[in-house]
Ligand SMILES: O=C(O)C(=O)Cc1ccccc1
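Before any questions on how it binds or moves, here is one chain, the form predicted alone, in structure tokens.
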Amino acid sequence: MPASYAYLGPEGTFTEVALRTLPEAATRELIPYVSVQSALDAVRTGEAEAAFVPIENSVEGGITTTLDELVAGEPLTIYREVLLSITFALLVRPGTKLADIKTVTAHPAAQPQVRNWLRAHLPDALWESAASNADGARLVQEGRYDAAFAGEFAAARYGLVPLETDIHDAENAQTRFVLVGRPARPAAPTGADKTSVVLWQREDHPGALRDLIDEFATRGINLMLLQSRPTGEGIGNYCFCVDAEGHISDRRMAEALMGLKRVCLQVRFLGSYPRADIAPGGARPLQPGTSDQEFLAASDWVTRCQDGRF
């Protein structure tokens, strides 16, 4: 495959900034794509080695476009994640004043993060969504809109000026980005890992979701994200995107996934990869009875019972 990474473009997105924090990005050609779908398709078709896309933010939750693309189509695997603190600037063409702004644009995920600021300062402005925040800046440069919410770093690239900076409704807002490639063996566990899967229920019945969650809970596995997504097969039909603490090579995680494979209609493994929020080896202590050693000891005990060696 070509030594290139696709990412949600154009140049000047938060995605590009986050991507450049990865050491390996310095040795790859970074190619912007117009959408999350096109970036991921570049990996599926072999145009790019991997794609870097947003998947979750701390204000709005999961980025549905990315989740849906990972749920459907040819399987892909998450290999890395990056957390980036997000604050917006209101970018305008030189000479534009706040009173001149009638239309604003940005990526849909930006709106919940600036909604209160917009209501307080531009209550009559018309919001239109853009493919990305940087694309919104480009559209302002072209005269399509009066202002865009984007990173302040994008201003110079698009000949704009930041009329307002440090805009955010929630303190310490962050967006999580993931590096996605074609399926391969996961990297070795670090002691601070995350496993992502998509689950489809075999049938809908009272307690069906609880049954899925119990496969994790009984093995002491903490869930970090649980989000339902429609399957497209009618109202009430959903699959569930799950992020769980741990690595597929951990006995507790492997057994949980085996249990889910037995009871679910379908399970899609999206990868086990290092967490970005804590250092390797910094995961919380395991609950009693959930370490690999305890799983091995229990398995050995069952074997001895089967052999009559109580």
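Numbers follow the displayed sequence, beginning with 1. On a predicted model such as this, the values are computed, not experimentally measured, just so you know.
The same protein also exists as the form predicted together with the named molecule; that form is not shown, yet it is the one meant from here on.
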Partner-contacting position among 138, 194, 219, 107 - heavy atom within 4.5 Å of the named molecule in the predicted bound form: 107
Would you check, heavy atoms only and a 4.5 Å threshold, whether residue 8 touches the named molecule in the predicted bound form? yes
Is residue 113 near the named molecule? Define near as a heavy atom within 4.5 Å, in the predicted bound form. yes
Wondering, does residue 199 line up within 4.5 Å of the named molecule in the predicted bound form on heavy atoms? no
Given that the named molecule is not shown alongside this chain, does residue 145 nevertheless sit within 4.5 Å of it in the predicted bound form, heavy atom to heavy atom? no
Please pick out the stretch from 95-103, 206-214, 170-178, 222-230 that is in contact with the named molecule in the predicted bound form, where contact means heavy atoms within 4.5 Å. 170-178
Taking heavy atoms and a 4.5 Å limit, what residues of 33-64 are near the named molecule in the predicted bound form? 54
